[in-house]
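Single chain ahead, by itself, as structure tokens, in the form predicted alone.
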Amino acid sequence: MCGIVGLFLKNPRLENSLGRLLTPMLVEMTERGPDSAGFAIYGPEPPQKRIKVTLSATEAADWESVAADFEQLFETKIEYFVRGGHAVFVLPAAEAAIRQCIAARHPGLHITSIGRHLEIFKQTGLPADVASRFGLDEMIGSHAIGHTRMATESGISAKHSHPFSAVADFSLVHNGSLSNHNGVRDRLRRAGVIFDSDNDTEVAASYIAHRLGLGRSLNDALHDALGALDGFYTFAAGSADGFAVLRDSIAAKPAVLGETADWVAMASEYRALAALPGIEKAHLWEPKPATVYSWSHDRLAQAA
């Protein structure tokens, strides 16, 4: 049993409040997942031809030395900032080059996310403590997803915590369990995919990311997952421009969606939405089985 939340801001004037709005949503899911928590924030872009990489370390890291190494490698000044046990570096390189560089030069560091917008922070501990440790209240952005975990199938660690990301600007959280994740993991490994944990949600994230890499849209990749991933699940996924929710064909795991003119929100339970501004006028519904619900800022702009 885990708790998932998501918040997509349709009104740009709320973007400075994204973290403040997401924090109580995440904390309300504590009873569903008290052993660890995490969140994916889609925030401001770095300068052109730069990409953000969020790194974590199992032990205290010398981030200044890591930055100095990047500066020597890339022959330019590197910007970075530290949050809790994570650090976000802004690097002048492509995703593949960054992954190769960190694997070769800093194997003790773990990439939680890469992207123009995405930053992922996750750690063991109660959701309120994790949110405080990373300063979630202060974060800004256009949309986010979050997760509180009760470990049932794999270990309790930051690497096993959600969200998972297997490609730039994509993130996934999951409530439920997959029954065929070992077989899917083996097939993906044969296709060259590398895994950091034995968590079944990482398999789902890697499968969807693999489909995205084949040119599928996020909506199409989630539809593909219905045929490839067996089990009981509710997914909330984020991309650079949007947010999507999917339940399996039986829809045994709980979920609720709410929408106003200013935002779209989802959670495992309604109480996580109850403090959002304008909730008393929100359209509320239970997402249907095997149905992808998605929103994007591009579509909002086209409809305006």
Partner chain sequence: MNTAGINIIDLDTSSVRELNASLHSVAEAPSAWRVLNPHGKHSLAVGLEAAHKVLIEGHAGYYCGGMNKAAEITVRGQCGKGLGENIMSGAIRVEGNAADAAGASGRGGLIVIEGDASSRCGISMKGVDIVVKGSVGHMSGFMAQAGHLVVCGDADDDLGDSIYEADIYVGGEVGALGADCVEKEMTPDHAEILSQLLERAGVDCPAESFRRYGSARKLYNFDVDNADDY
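Since we're looking at a predicted model, the values are computed, not measured. Numbering follows the first chain given and starts at 1.
The discussion below concerns the form predicted together with the partner chain, not included here.
Remark: residue 252 counts among the residues lining the partner chain in the model of the complex, judged by a heavy atom distance of 4.5 Å or less. In the model of the complex, residue 289 approaches the partner chain with a heavy atom inside 4.5 Å.
Among heavy atoms of residue 52, none comes within 4.5 Å of the partner chain in the model of the complex. The partner chain in the model of the complex comes within 4.5 Å of no heavy atom belonging to residue 35. Proximity of 191, 193 and 207 to the partner chain in the model of the complex is absent: no residue of the three has a non-hydrogen atom within 4.5 angstroms. Just one listed stretch, out of 236-244, 53-61, 37-45, 266-274, contacts the partner chain in the model of the complex at the 4.5 Å heavy atom level, and that stretch is 266-274.
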